[in-house]
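Have a look below at one chain only, the form predicted on its own, in structure tokens format.
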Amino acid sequence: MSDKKFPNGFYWGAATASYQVEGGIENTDWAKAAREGRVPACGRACDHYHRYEADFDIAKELGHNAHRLSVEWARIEPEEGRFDEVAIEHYREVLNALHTRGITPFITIWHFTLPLWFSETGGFERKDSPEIFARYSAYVVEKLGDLCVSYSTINEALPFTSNGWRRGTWPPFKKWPGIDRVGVPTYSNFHKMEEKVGIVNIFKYFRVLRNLAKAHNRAYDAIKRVRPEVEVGIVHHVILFHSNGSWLNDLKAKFMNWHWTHQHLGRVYKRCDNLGLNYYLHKKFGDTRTYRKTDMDWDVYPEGIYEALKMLWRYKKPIYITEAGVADDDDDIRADYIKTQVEATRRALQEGVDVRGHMYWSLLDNYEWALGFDKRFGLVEIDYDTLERKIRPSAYVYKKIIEQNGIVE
């Protein structure tokens, strides 16, 4: 294998998430928050629910051999304990559409949005939430396991908890006193909402994190009972904390990496067949460099994925890059961003990290949570008035990487 090539059988593709692209999902905590004017409305989004075959035709045209998607909990279990066979049949059709095009599916069982019956009774604050989630997860895999062998239980436990119970920017909009003075990378919410500020939210934050870890562990066991042959992991969003090398800044980085990554993964990795890495953000203590900014106002630092991969390799599990991308409406950053990201991934592979796949975020422009539709991550541009799809030039650069299964100049 040359220095520029990836292993044979490497997975290349992109990712989507159900609520962000499907449209028409109204029985969730996010849809309720939109009706209350606390976050932008999602509405029909990209109408991927009806247009998935055409979207997968685009993915095939771009050379993708893998696609990460999520299934929508509120569709599948619209009432507690009642599962909707029509919803499951839809996702079976989606998976069959991927297989028909030679694209391997990777399913995320839960990607942020909660059914109203669950969120309105406490969500992951509930003592029995791990059992509830395990029941749902086992049902999904039992029904879809013949069409997909790779599952992630939970997408990004830390951003979900931090934005919902620490910064108050996502449902249920609970906030720590004084948190705005903490200068770390964050998912800012420019949409005005009423936050519930209180010291009690600190305790709730840690309770939810513990419950999410328990939920994954119990879901893993429940899934293995019904489909022991499938692979089950978790998707973790690494914020790379690093430093300029001073002892104090090294200590800060070490503590923050423990707090954001290792504390949670230490609770779940023994029940993971693999790990999913989402990478977007870094914070370098003592840094004086001026960075180009993405449309999210995040530093352009794709090379940091190398250190993020090395960080996860501590757990000696195969790693899939499940999300990594850039908000870039003008498409003048994305191509170089992807190339640099891929080069950094290849470097990690050369140093022994077992990376199995790379799925760019996102296949389509989509609903970027509390920021609405303005932030454009897609390889494919969406005209939200007409729903016309237009492939961006950077997508063809990624296609060339895929076709060569390696680094391109």
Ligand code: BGC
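The first residue of the shown sequence is 1; numbering continues from there. Worth saying up front: this structure is predicted, and the values here are computed from it rather than measured.
Another form exists, predicted together with the ligand; not displayed. Remarks below refer to it.
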Please identify, from 300-308, 105-113, 70-78, 131-139, the stretch that has a heavy atom within 4.5 Å of the ligand in the predicted bound form.
105-113
Contact residue in the predicted bound form, from N278, T169, T261, S150 (heavy atom within 4.5 Å of the ligand)
N278
If the cut-off is 4.5 angstroms on heavy atoms, which of these, R227, H237, R218, R334, is the one near the ligand in the predicted bound form?
H237
The ligand in the predicted bound form reached by all of M296, E323 and F377, non-hydrogen atom within 4.5 Å:
yes
Given that the ligand is not shown alongside this chain, does E381 nevertheless sit within 4.5 Å of it in the predicted bound form, heavy atom to heavy atom?
no
Does at least one non-hydrogen atom of D354 fall within 4.5 angstroms of the ligand in the predicted bound form?
no
May I ask you to check whether N155 falls inside a 4.5 Å heavy atom distance of the ligand in the predicted bound form?
yes
Does the ligand get within 4.5 angstroms of any non-hydrogen atom of E368 in the predicted bound form?
yes
Where, within 8-35, is there a heavy atom within 4.5 Å of the ligand in the predicted bound form? Residue list please.
Q20
